[in-house]
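Each of the two blocks below gives one form of the same protein chain as structure tokens; they are labelled structure 1 and structure 2.
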Structure 1
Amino acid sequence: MEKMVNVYLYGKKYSVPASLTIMEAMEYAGYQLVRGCGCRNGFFGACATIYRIAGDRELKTCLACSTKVEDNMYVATLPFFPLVKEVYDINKVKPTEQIMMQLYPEIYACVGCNACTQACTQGLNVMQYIAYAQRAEYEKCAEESFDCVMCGVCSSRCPAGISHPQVAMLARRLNGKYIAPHCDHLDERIKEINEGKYELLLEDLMGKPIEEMQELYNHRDIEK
């Protein structure tokens, strides 16, 4: 018989299999998930969750789709966090320090508390990539923030009101547009896609079972 654990979802106690993720446990308990479900296999960012284990004072953050339940876990999911998203034309802005001052001046009010890093569901050094953005080191900021899933948990804990994921997104766009070397082979691939070269291949892939697609992905050729 499968091991069962007790979890508290929105204050109500449920006994669920220990092998389930938080998201699966919610469905097992009878909740119908209609939003905040993300990809359901990890790292989409829509299912930001906070929890605490009974007897432990630390409030932890995670993604519900990729975190297993624990005994005596008290769970509360977060609604969509309203990040500040400034409007800009990537073809008109430039990778200067002034553009961050203009669009996201709050990054210069960072108090160095590191709450953003401690809250990150991906384990990113969020405060470090904000420091790179402050110094207009956009290539470093883009690299440090590359695995951000924009769940917004870091911003929810920030006393300075910084929208870290949006700052990182701007840095990655600036890096891709102006700093990173141009890729001729990418232009060629886009042209081939627009010409319909891969339509039959994509249709074939879409018809394969998920297990076979995972196997193909895990053994794909990766460009050096």
Structure 2
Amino acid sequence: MEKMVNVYLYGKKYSVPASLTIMEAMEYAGYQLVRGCGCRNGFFGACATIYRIAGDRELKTCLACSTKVEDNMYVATLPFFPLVKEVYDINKVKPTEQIMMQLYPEIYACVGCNACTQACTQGLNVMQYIAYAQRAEYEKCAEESFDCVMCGVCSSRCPAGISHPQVAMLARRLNGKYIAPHCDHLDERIKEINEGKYELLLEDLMGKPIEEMQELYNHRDIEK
């Protein structure tokens, strides 16, 4: 017989196998999920959840798909958090300090409480990446925030009203477009293709009888 635990979904008690994730426990209890369920594996950030273990003072946060149930766990999902997303034209913005001041000035009101970092379901140093964003160190902000799944839990805890995931999103795009080194071999290849350099080669290949293609494929050299 499988070990069972008691979980309280929105305060209501259910007995579920101890091996389940919170998400599976909800389904086991009979919920047909629509919102709050996505990749079921930690990539979408669609299933942000708060819980408290009875007797414990602290409210903890997690993704329901990647966290196992515990005995006497009180659970409520937070499948949508109204973040602020400012619109901008990626071709017009520049990776300067002004852009953050203009779009997300609240980051400068960060009080350094570190609640965002403590709440992060990905274990990221959220407060640190916001500090990088304040200083327009977008490359560092991008690196520090890279694994963010934008679940929004950090923002739900922020007394300064910062939408951390959106700040990081902007920093990553600025970094990818403007700061990261430019790739020359890519330009070169596109130019060659546009000039028709590979047309003959490809047409010749495509026109070959299947046996010849098989021969070529089976004996092609493979880069070490």
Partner chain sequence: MYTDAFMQESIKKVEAAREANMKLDPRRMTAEEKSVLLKTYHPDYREDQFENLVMGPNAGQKVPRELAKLLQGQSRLLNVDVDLSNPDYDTDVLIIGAGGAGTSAAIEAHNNGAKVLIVTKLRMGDANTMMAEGGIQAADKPGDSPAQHFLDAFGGGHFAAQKDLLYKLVTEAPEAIAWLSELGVEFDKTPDGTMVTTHGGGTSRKRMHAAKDYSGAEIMRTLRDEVLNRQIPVIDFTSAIELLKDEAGRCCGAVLKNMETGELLVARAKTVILATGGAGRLHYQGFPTSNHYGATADGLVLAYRAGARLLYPDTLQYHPTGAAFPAQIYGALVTEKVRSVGAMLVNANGEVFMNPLETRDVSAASIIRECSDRGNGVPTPEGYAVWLDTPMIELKHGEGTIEKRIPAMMRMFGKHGIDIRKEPILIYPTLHYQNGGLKITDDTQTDIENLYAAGEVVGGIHGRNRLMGNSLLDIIVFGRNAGKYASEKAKSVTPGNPTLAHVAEFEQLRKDAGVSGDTLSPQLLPDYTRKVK
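Here, residue number means position along structure 1's sequence, counting from 1. Think of the rigid core as the biggest set of C-alphas that the two forms share within 1.5 Å after superposition. Note that the structure is a prediction, hence the values are computed from the model and not measured.
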Of structures 1 and 2, the form predicted together with its partner chain:
2
Taking the rigid core as the reference frame, tell me whether P159 has a CA displacement of 2 angstroms or more between structure 1 and structure 2.
no
Determine whether the C-alpha of Q214 shifts by 2 Å or more between structure 1 and structure 2 once the rigid core is superposed.
yes
Checking G30 here: with the core superposed, does its CA move 2 Å or more between structure 1 and structure 2?
no
Could you tell me how many Å the Cα atom of Y198 shifts between structure 1 and structure 2 when the rigid core is held superposed?
17.1
